[in-house]
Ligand SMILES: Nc1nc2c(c(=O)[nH]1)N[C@H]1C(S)=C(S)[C@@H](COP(=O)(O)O)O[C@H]1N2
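One chain follows as structure tokens, the form predicted alone.
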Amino acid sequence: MTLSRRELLCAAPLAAAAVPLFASAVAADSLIVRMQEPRNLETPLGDLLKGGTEKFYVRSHFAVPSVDLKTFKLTVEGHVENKLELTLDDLKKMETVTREIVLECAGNGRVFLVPQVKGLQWGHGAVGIAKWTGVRLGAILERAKVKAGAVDVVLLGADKGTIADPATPGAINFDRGIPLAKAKKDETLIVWNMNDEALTAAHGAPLRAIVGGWYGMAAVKWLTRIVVLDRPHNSFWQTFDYSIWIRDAAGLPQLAPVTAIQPKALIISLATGDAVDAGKGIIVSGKAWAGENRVAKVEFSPDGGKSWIGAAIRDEKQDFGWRTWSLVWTPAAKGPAKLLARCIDDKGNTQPDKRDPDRRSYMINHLIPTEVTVK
């Protein structure tokens, strides 16, 4: 299959990456291959408007595990009164919930970081929205009767392996701990369906977590165990990886886990390298999302941030979802143009102009220009 011009332009900056990349390869389902094994696939920019499971990005830390559906059970244990072993049928007999929720990889946009950092060199497409069906994690915890003093709820996947740098203590499962308060909220789900169909193996069948408003590292796939702890969960995946620096009152950096998605607006109708005609009205459109908050406003700049224009926003205000924005831009002067879009959420948080290095290689929502030529 031949890459489109837009995909080639998006993939071009990846050629010098130090990690294994396959920017010139496209999977049979038209996703861009960012790593062959374990499989990591990115949604092409134009396909973000289309949606659908077959166009949804895939993030894997280890090889897809083999799960026997006949013997599968979800174990709930730890700081609880009732240890549970739930089959898929047991879960489906509980009150089911269906919600549309955005999922974004914590490293989405990493290819744009300067200087280059380790990790998968995602462009803009490690993000998507789906309709998820399952049961509230809080309802499961109610059955288990969490004991007083519980702090974190650890989600463990069946996928397992070793990491060389930094080194893991042998083979470990992928896991993520989330505070009990977030685990009990209505937007934190254990799901078996994606877009009205059973989860595929690539997306975590038979069960995965969805933590509304949080980056995808919390959406543990191939979920097999839930462990409630009476202490913070300081695993490899919350300290060495998927963590950022937070400054305390004295300005001293303290390591903290990555959590909530930050506000972001993305230009989708145009890509770097495109050419547009001077004096001709062009519809510029894209998507915007804001994690645990709602998108309140989207602004567009045709001149690299010197001036800003408010965009029209479609779609209803939706918790944990995204909104479509658009406007008509009529470029006047010929030559290069740096286009920017920024999201402002309902709490007043705005995408920053510059990158915060304390975020390490995660939570990438600073303004990244789309560079086009006006002819």
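Everything numeric here is computed off the predicted structure, so don't read it as measured data. Quick note: we count residues from 1 along the sequence shown, nothing fancier.
Not pictured, yet referred to below: the form predicted together with this ligand.
Q: Does the trio 60, 203 and 216 actually contact this ligand in the predicted bound form, every residue with a heavy atom within 4.5 Å?
A: Yes, all three are in contact.
Q: Residue 320: heavy atom within 4.5 Å of this ligand in the predicted bound form?
A: The answer is no: residue 320 has no heavy atom within 4.5 Å of this ligand.
Q: With the partner left out of view, is residue 299 within 4.5 angstroms of this ligand in the predicted bound form by any non-hydrogen atom?
A: Output for residue 299 is no: heavy atoms all beyond 4.5 Å of this ligand.
Q: Can residue 220 be called a contact residue for this ligand in the predicted bound form at 4.5 Å between heavy atoms?
A: Flag for residue 220 set to yes.
Q: Should residue 152 be counted as a contact of this ligand in the predicted bound form, where contact means heavy atoms within 4.5 Å?
A: No, residue 152 stays farther than 4.5 Å from this ligand in the predicted bound form.
Q: Hey, of 250-258, 88-96, 273-281, 101-109, which bit sits against this ligand in the predicted bound form at 4.5 Å between non-hydrogen atoms?
A: In short, 101-109.
Q: Among 157, 291, 177, 123, which has any heavy atom within 4.5 Å of this ligand in the predicted bound form?
A: Answer to the contact question: 157.
Q: State the residue from 182, 233, 208, 136 whose non-hydrogen atoms include one within 4.5 Å of this ligand in the predicted bound form.
A: Contact with this ligand in the predicted bound form is made by 208 alone.
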